[in-house]
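Before any questions on binding or motion, here is one chain by itself as structure tokens, the form predicted on its own.
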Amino acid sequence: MANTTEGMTASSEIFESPFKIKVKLMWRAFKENWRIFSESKIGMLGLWIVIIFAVAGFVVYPILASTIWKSTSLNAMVSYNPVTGYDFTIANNPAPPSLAHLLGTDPLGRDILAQLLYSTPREFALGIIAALITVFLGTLIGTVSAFYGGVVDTFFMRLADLVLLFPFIPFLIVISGMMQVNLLTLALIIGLLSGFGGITIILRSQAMIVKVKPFIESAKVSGASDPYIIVNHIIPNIMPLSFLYMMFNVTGAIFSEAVLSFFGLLNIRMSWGLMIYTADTAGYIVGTNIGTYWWLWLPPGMAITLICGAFYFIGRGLDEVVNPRLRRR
């Protein structure tokens, strides 16, 4: 009976060992990659900036909105919302920073800090959705093109060249002028355009290197199907590079939204670019007003610069993880 129990235990350990080994290898690779990334000062700086923005937008804003900024009746007819409402208790708007409004108010009497924090989760969502679509399409198309070659490869590479011919921002401006574009629609458009563009060419080149590895030939000889080889062997080997370019695409999406919002071409409630657009259309970013009413454009401008720079810094830090030539000896 004891021998039977020991045999079952040994059998169970043998059955579970491949999974355990895989988990251990993944954890070991994660720790090693994190060690390399954490040695990058610029990468860690970007990560901390992103964390601060995430906490401010996803944690601080809901708390303030449900407590200090909760809509309260200023009189029998008016209720105040810091993002969309009007603070009629202030005689002259835009008002400079004060205890009631730490970053002041805009020309419509709306709280600048509230608008800034309100927009933060939406900027994150826009950047991440656009980047995920871009990386998914770029990875899939690049891998398929490299694996099959021939007509498939020629078609997708010429399509990528065609996409690269169009200047990105002017093309988005034309699209925004032709149709109503909200943040989700913008994320889809940016993801689709970027996914068929330059990232496809880059990931295809990486997939071509993986395609000629001996383990790919071994998989073919063993009878593995093409989809199995693509999904289980090629894509996992180019995913680190895909993740690297995902960080850069987040930056591009947020910057594109800021540009389109500044021109008033998006159908959205509030964003950092729209905050600058509001100040500009009211004439507060002209001549000496740009210095006098600095709180109207500086906070959203700094937010755009910091968050775009932060994701770029993270990408530079990840570059040292993905590219062995950049690792410290």
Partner chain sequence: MIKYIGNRLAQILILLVIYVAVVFFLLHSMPGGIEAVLATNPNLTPAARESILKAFGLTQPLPVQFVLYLKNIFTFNLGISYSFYPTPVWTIIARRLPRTILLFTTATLIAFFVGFASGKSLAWKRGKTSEYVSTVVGVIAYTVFTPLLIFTLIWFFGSYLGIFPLNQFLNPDLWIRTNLNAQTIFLYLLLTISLIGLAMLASFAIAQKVSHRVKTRKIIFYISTAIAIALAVFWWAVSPVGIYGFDILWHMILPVMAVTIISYAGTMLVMRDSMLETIKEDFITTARAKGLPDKVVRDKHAARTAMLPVITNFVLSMGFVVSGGVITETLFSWPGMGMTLLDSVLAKDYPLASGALIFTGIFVLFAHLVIDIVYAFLDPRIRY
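All figures in this text were calculated on a predicted structure; none of them were measured in a lab. Positions refer to the first chain, counted from 1.
FYI, the form predicted together with its partner chain isn't displayed, but the following is about it.
Asker: Look at the candidate spot formed by 44, 209 and 225 and say whether its partner chain comes within 4.5 Å of a heavy atom in all three of them in the predicted complex.
Answerer: No, none of 44, 209 and 225 comes within 4.5 Å of its partner chain in the predicted complex.
Asker: Of 125, 108, 100, 173, which one comes within 4.5 Å of its partner chain in the predicted complex, counting heavy atoms only?
Answerer: Contact check passes for 173.
Asker: If you check 231, 192, 162, 184 against its partner chain in the predicted complex, which one has a heavy atom within 4.5 Å?
Answerer: None of the other options qualify; the answer is 162.
Asker: Based on heavy atom distances of 4.5 Å or less, which listed stretch (144-152, 231-239, 173-181, 116-124) is in contact with its partner chain in the predicted complex?
Answerer: Only one stretch passes the 4.5 Å heavy-atom test: 173-181.
Asker: With the cut-off set at 4.5 Å between non-hydrogen atoms, does residue 255 touch its partner chain in the predicted complex?
Answerer: Although its partner chain is absent here, residue 255 would touch it in the predicted complex, with heavy atoms inside 4.5 Å.
Asker: Answer with yes or no whether residue 166 is in contact with its partner chain in the predicted complex, where contact means some heavy atom within 4.5 Å.
Answerer: Residue-level check for residue 166: yes, a contact with its partner chain.
Asker: Can any non-hydrogen atom of residue 64 be found within 4.5 angstroms of its partner chain in the predicted complex?
Answerer: Judged by the heavy-atom cut-off of 4.5 Å, residue 64 is well away from its partner chain in the predicted complex.
Asker: Would residue 34 sit within 4.5 Å of its partner chain in the predicted complex, counting heavy atoms only?
Answerer: Because no heavy atom of residue 34 falls inside 4.5 Å of its partner chain in the predicted complex, the answer is no.
Asker: Even though the chain is shown alone, can you say which residues of 284-302 have a heavy atom within 4.5 Å of its partner chain in the predicted complex?
Answerer: The stretch 284-302, when checked against its partner chain in the predicted complex, contributes 285, 287, 288, 290, 291, 297, 298, 301, 302 at the 4.5 Å heavy-atom cut-off.
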